[in-house]
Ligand SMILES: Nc1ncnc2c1ncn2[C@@H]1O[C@H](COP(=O)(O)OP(=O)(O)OP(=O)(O)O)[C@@H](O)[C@H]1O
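Presented as structure tokens, the chain that follows is alone, the form predicted alone.
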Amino acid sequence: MRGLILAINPGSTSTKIAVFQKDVKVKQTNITHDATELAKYEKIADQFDFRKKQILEYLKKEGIKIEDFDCIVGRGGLLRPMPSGTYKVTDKMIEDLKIGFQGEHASNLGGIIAKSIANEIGKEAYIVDPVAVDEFEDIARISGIPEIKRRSLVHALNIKAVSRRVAKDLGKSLNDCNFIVAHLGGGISVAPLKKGKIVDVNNANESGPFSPERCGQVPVGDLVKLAFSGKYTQKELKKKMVGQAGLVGYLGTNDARVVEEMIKNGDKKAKLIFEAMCYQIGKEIGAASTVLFGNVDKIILTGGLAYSQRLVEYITDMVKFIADVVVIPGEDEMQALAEGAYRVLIGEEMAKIYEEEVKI
């Protein structure tokens, strides 16, 4: 076994692919897709042939034979609630990815494309820690309205990857650690990990801190008024909450670097809004610490916003009384995918079977 792994991570208008030798990245590219071409497809799953063809064309151009791969790993999508881990892509999983069991998202294509390529070469296809990872304790599911259940939709891939890294640095197994991980990107997930399991999290689309482009938790009574004001259709209001809120809504940009430049130039409103976002993140970390009864080994700040020294210092000042803060900026999803697949290839971890782990 050469340990050659192909990782596939579909986004809304592009598909990242990377080639790994074991868990070391050899090559990576970002294949951009023409928006007018994508608009031809009614459902995201319908883009399968188009995206797969572009991936294979790139590999051929680079002189990479698909027969040389030991496995293919794809980004996991909005599947049924499932435990963390690396999963074989099975027929039932493909079925749920195609229908978008918990919603349509480009990541649903990851497993579908990976399985198709793997079938051609007689190898296994995997996904790793999709956003549908659900390790909630039952008490965390109660919302306060019987008709509404709190759901686990979380940036699990990066959260688990950085947690494993910090646990290793501590000389511990992830299963022996209690962490609070704040994934700080276009959406923000703040998750308490109890013995390595994500036992609670804000849904980044609906709750927790506001982010560069999402509203987070807002006063529900006022949101209801807005919904019935006649100013917005349901689709428009959803777009306002996810895509046109947060920094975008207040300041017209989702780029924290632009906001920091505004602050340097004396923009007091930009400073207030940026610090309000930091404040809400710190407050959410504090709330997460109560889930762990204050027994926190480390607080981990990760994602693109963690490159901001201003943000890191503000949050650290708020939460350092809880535990030491570790900063791992960025989110190397391709690395996390490859590491998950490689753990299975070398027998460090057993691949899970979707049908055995979820409620069908």
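Counting begins at 1, following the sequence as shown. Fair warning: this is a prediction, and the values are worked out from it, not measured in the lab.
A second form of this protein, the form predicted together with the named molecule, is not displayed here; the remarks below concern that form.
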Subject >> Pocket accessibility after superposing the named molecule in the model of the complex (3+ atoms within 2.4 Å of backbone/C-beta) >> reply: open
Original post:
With the partner absent here, would Pro209, Ser289 and Lys298 each sit within 4.5 Å of the named molecule in the model of the complex, counting heavy atoms only?
Top reply: no
Subject >> Residue among Lys283, Lys240, Arg257, Arg80 with a heavy atom within 4.5 Å of the named molecule in the model of the complex >> reply: Arg257
Original post:
For the chain shown here without its partner, which stretch in 118-126, 264-272, 92-100, 211-219 has non-hydrogen atoms within 4.5 angstroms of the named molecule in the model of the complex?
Top reply: 211-219
Original post:
Given that the partner is absent here, does Leu184 sit within 4.5 Å of the named molecule in the model of the complex, heavy atoms only?
Top reply: yes
Original post:
Would His155 count as touching the named molecule in the model of the complex under a 4.5 Å heavy atom rule?
Top reply: yes
Original post:
Could you tell me if Tyr307 has a non-hydrogen atom within 4.5 Å of the named molecule in the model of the complex?
Top reply: yes
Subject >> the named molecule contact at Asp70 in the model of the complex, heavy atom, 4.5 Å >> reply: no
